[in-house]
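First comes one chain, alone, set out as structure tokens in the form predicted on its own.
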Amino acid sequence: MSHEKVLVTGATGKLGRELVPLLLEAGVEVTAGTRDPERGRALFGSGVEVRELNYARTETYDAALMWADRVFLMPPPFSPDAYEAIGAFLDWAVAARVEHVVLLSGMAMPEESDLPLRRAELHLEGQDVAGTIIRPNLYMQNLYPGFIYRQIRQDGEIRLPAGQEGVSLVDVRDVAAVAARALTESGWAGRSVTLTGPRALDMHEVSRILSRHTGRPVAYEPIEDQEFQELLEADGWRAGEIEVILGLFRSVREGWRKPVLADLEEALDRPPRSFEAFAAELEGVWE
């Protein structure tokens, strides 16, 4: 595949910044699509072609897709308009005759739901193009950096509406590794994989593991949706994004994100990274 080119959309996000180097290591030519090209150039250097790509501006599509054979399609995170945002771009990519689209979706997507990511899955499945759907569980990296990390630093607490159910958190680096294989190997057309970590942890267990590695007490306080909404509003999240995030935590409380599946281990020929290993890598950041 060294002669082929892959367009990575959302290239400067948590997943994209892990995926781009893996593709380069595989000998693939990469275009990094991002709304912030300067940030992309700072991240990836001269070895990666960086193009502006804004789903809301169709005039950015052609340059990003130029000579691309395969596309990693990243919906805007936590967006209630994720389907509308990427639908037109997906149509454009198919018209540009890309060969394969790998769509990032999410775990716990009921087949009959009208959720934006499920609509995106169905849209891809209805296209005349090879498609792969990747459905990860919540990322370990949602705990660092970001909103939850700031809670831990300031108050020694994790305050979330997650109830008492477990979540098989997955390391974003493992998700990137699966995406890289889907984009560089044969046999992935028509496949859907759900990616989880090696075991389900409730937030009390997450807090205990973090406590061991921070050297300071970390506690989990279950809170109601309304209180969490107020915390997110104070942190600058928009109303539509907040509703999506509240929906994610409802799926946690209902047990939809507890299962541990074998898809990741089968794709990578190794076990997924554990939350304990992730926490151990971050010991210094909590001081």
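Fair warning: this is a prediction, and the values are worked out from it, not measured in the lab. The first residue of the sequence shown is number 1, and the count goes up from there.
Although not depicted, the form predicted in complex with a small molecule is the subject of the following passage.
- Of the heavy atoms in residue 188, none are within 4.5 Å of the small molecule in the predicted complex.
- A residue is said to contact a partner when one of its heavy atoms sits within 4.5 Å of a partner heavy atom; residue 137 meets this definition for the small molecule in the predicted complex.
- Although the partner is absent here, residue 10 is a contact residue: one of its heavy atoms lies within 4.5 angstroms of the small molecule in the predicted complex.
- Taking the partner from the other structure, the small molecule in the predicted complex has no heavy atom within 4.5 Å of any heavy atom of residue 250.
- Looking at the small molecule in the predicted complex, residues 168, 197 and 206 place no heavy atom within 4.5 Å of it.
- The stretch among 258-266, 47-55, 226-234, 63-71 whose residues place heavy atoms within 4.5 Å of the small molecule in the predicted complex is 47-55.
- Shown without its partner, this chain lists 146, 217, 77, 163 as candidates; in the predicted complex, only 77 has a non-hydrogen atom within 4.5 angstroms of the small molecule.
- Checking 90, 152, 182, 117 against the small molecule in the predicted complex, a heavy atom within 4.5 Å turns up for just one residue: 117.
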